[in-house]
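This document starts with one chain, in the form predicted alone, laid out as structure tokens.
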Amino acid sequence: MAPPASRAVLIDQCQIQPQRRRWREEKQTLQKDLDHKLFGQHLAKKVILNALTGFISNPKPKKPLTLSLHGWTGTGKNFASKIIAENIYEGGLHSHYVHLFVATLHFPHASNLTLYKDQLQLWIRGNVSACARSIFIFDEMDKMHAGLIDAIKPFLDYYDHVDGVSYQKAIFIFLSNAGAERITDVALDFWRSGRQREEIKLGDMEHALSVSAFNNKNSGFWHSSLIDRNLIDYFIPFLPLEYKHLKMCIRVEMQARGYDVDEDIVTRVADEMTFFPKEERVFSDKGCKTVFTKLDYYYDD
């Protein structure tokens, strides 16, 4: 699909320091993408927009930007990282300068932990040497073997150079389910008390998220020096999605497929989803993840 006409022209080359005018245009596009494609996530939208804008606008950052995105499957963590990549590089996740690691795919065996550490360091060092503004995305951090991610600690710290390479303009994004229970508890407390979810503040759960990830033995952040040394800039909660957010996802997917929005189908697909808690049925237990396959039933050519 062609990019919208309002988008500034991106090229898939290393964006060491974008021109201020061009990034101002891209900031507007980033905000539109977050507003029109990421639903029910007021905290994530605000933090991502401000963090990315401040970091890229800074010609001399003290350290790489590190974002840790937390929440249940289907709440938009992967989609948010995709939006970030697309707003920096034309190729998005397919760019030569965007690198995705999936724990269960790239680091499956605990017995190879030492090998994985060496490979990870070499891979990051090589790619940042080629492009200072490299983006690294680590998916399934909750399934990563404990201790592995600490191999990149020197690259995230406040060093001008590590073995002759500066990592200060790189971006690291971690995706995890760790802490999702805490996020749900806060969101449910707000709902039960009749308060709007938009009243939830980052301070209501950011510290709890870092503690949860640090103390979770099944998390790749278990007792990690990245958390202990405060090298993660933001722990970003992705709230569980409500019925109205599912309908937003469905409408956008219909439009992306070139169909007119049919509210009858929107309602029927949303009604097929399952919700929790069992009695109150407030939040979708799979977020928007299965919306796309359910739509296939109604548009089976």
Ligand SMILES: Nc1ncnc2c1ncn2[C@@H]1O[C@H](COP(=O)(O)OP(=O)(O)OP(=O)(O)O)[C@@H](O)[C@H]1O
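One-based numbering along the sequence shown. Computed from a prediction, not measured in an experiment: that's the story for all the values here.
One more form of this protein exists, namely the form predicted together with the ligand; it is left out here, but the text below deals with it.
Think of it this way: in the predicted complex, the ligand has a heavy atom of just one of Asn112, Thr73, Thr184, Gln121 within 4.5 Å, and the residue is Thr73. Contact annotation: the ligand lies within 4.5 Å of heavy atoms from the stretch 241-249 in the predicted complex, the single such stretch among 241-249, 60-68, 268-276, 24-32. Interface membership of Lys37, defined by any non-hydrogen atom within 4.5 Å of the ligand in the predicted complex, is confirmed. Residue contact check for Asn127: none of its heavy atoms lie within 4.5 Å of the ligand in the predicted complex. Residue contact with the ligand in the predicted complex: Lys289 places a heavy atom within 4.5 Å of it. Using a 4.5 Å cutoff between non-hydrogen atoms, Asn177 counts as a contact of the ligand in the predicted complex.
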